[in-house]
Structures are given as C-alpha cells and as structure tokens.
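Just the one chain here, the form predicted alone, laid out as structure tokens.
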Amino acid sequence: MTLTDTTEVARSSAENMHYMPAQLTIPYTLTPGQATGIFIAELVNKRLLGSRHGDEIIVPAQDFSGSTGEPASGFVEVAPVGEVQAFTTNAKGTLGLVLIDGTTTPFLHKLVGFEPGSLEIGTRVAAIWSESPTGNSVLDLAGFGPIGEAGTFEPKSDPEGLAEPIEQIDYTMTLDFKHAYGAYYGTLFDGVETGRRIRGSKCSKCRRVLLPPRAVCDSCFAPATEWADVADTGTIQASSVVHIEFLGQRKQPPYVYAEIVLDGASTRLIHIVGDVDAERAKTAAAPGARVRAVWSDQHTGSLGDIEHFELIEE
C-alpha cells in the first residue's frame, strides 16, 4: 500500500489524530531592571513614571532608549491619560497602543470599559487602576478606559519619594498549542491507538525501515514511499539511568531510558525500560538486551500507549 493510500485510511478511521493538544508551562523569574522596577513599584501609588532620554520621554520607564540606545538621565511623572494610536481585539479583550500625554513612545496595555464599536483611533483614555493591587505587577494598572473627568498635566521632572525598584518577579509563561502530527506520525499514532500496530516508512532505495516514520530516508535521502509493520519486541542499542529531575518527566527518577531497535526496523526508538531498578539496569539493560512493549490500558494515540518496555529474560 502506498503512503497516500494508508494516510487516507488513517484519516478516515481517526479524525482526532490530526493533532495533539499540548501546553508548555515555563516558570521563571523576571528581572525588570532599575527603571522598569521603579515604574512597576509606583503603580500601587497610582503614578505613571517615564524615563527621559534626551528629547524622548518613554513610558514604562526604561534604563536605555530602544531607538537611540541613550541611557536614562532621570525620571518624570506623567499624566495618567493619553490617546489611542492603534488597537486590536480578540476573544480575550482589547489591546491598544496608548500615547501618554507628554511622551514620545506609545505604551501597550489593555483597553477596558468601552462599548462595542465605540473605540477608534484618537480616542482619549485614562488609567484604570486595579482594585486589588499587588505592588509587583504591571496589572496594578488594570488598563485604560473612557477618560471621564480625568485631567492632564505636564510631565513632572525628578519626582520625589520614589519607591524602591522591584528587583525580581516570579512569573509563569503558559503556551497552549496544537501539535500537528502530519501524515507520517498521524498514521503511526492511529495504528498504535486502534490496533496496537507499530508502523514505519520504508525507503524506496535502500529499503531501510524508518521508525518513527518520515518522508525521506536519513541515510540515502530517497523518498520513503511504503509502510512496513514492525514488531513490539526489539534490542537495546544504548541506555541511560536518569537520576535528575526536569520539567515534563513522565516518571520520577531514577528510571531507565533506552534507544531500542524494534524487530523489523532500521532506526532507533527512544522509550523507557521499566520493572528494573537502577543498579540492576547497569548490566541487565545494557546494549544487546532484548525487550518487549508493555501496552497501557489507555488508548491515547501516542507512544505513551506503550507504558514501557520490559526486559525479556533469556
């Protein structure tokens, strides 16, 4: 059967196999720097601070100008009002570029409190302050909304009584995305889920069976145009006992990771070798050891459907 034919079979039998919902969560500490650290610290006091760089006044305050590289020569307190220069709206709300009165660089922040269709370029806006400020977040400024009675004033140079800068902010970045399987991984994962069938692609020239399957042979670069089933038994080529914890682990250390060539395949598959302790694995899971897939009770359509590989005792 050709690759195209098999792909169509996979697509018709498992519509949910086109992609995998995934999420990246990255915790880290944000160091805002001296000027921005003071800007954030002053938001709880309902003050907007900019930095002066020659003829420029930038909000939020910066240590250096992004356009000229000139360092800040001092701070200025600016009016909490401005004008919308650009905006975009999605399901989560509206973001806008607001040019604060007296400044030279627009400030990107939320636009809140506007009726649908009432917002346009040039709309005057005023700061909306958080009702529950934390003292260490830019969201202590909740956004900019209809100006109401808010007034403006000329930037006040060298404001007194500035707060100490925020030196570090604990932060987590979360990215939700869809990982597209494509024709090759989609067919592999469909076979794993629906029939506990492991499939590789076969090179049209050297006839090597590539697992995981791919479009082009990594040895002779010829197209891999056919499918070939491989066994769920194989031979360890290399192994390592993992003792270190890291983000995204499926198992608590220690555990054994191995490069396995399944019977009928020409390339290595990386997976966990289970039911063997770290000390025994040094010899029992050495290169040349035979293993067999232990299938999970779950049918997720991924290599996680193989719970682990177990050693085949000779």
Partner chain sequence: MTQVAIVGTGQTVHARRRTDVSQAGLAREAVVEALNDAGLTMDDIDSIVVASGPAMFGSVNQPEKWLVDALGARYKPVVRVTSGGGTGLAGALAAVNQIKGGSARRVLVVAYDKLSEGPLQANISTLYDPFWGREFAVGIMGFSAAYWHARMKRLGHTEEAAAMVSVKNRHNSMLNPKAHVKREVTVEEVLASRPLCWPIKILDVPPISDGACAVILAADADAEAITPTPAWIHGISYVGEADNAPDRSMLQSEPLQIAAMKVYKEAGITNPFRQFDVAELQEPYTCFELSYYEGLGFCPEGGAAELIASGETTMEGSLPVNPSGGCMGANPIGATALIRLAEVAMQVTGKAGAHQVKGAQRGVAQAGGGWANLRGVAVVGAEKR
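This structure is a prediction, so every number in the text was calculated from the model and none was measured. Residue numbers count along the first chain shown, from 1.
Just so it is clear, the following notes concern the form predicted together with the partner chain, a form of the same protein that is not shown.
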### Summary
In this chain shown alone, the residue from E154, E167, D229, D158 with a heavy atom within 4.5 Å of the partner chain in the predicted complex is E167
### Query
Which of these stretches, 209-217, 145-153, 124-132, 75-83, has heavy atoms within 4.5 Å of the partner chain in the predicted complex?
209-217
#### Entry: Proximity of I57 to the partner chain in the predicted complex, heavy atoms at 4.5 Å
no
### Query
So in the predicted complex, does any heavy atom of L24 sit within 4.5 Å of the partner chain?
yes
### Task
Would you please decide whether G274 lies within 4.5 angstroms of the partner chain in the predicted complex, comparing each non-hydrogen atom pair?
no
### Query
Is there a heavy atom of T225 lying 4.5 Å or less from a heavy atom of the partner chain in the predicted complex?
no
### Task
Between 40-79 and the partner chain in the predicted complex, list the residues on our side with a heavy atom within 4.5 Å.
F64, S65, G66, S67, T68, G69, P71
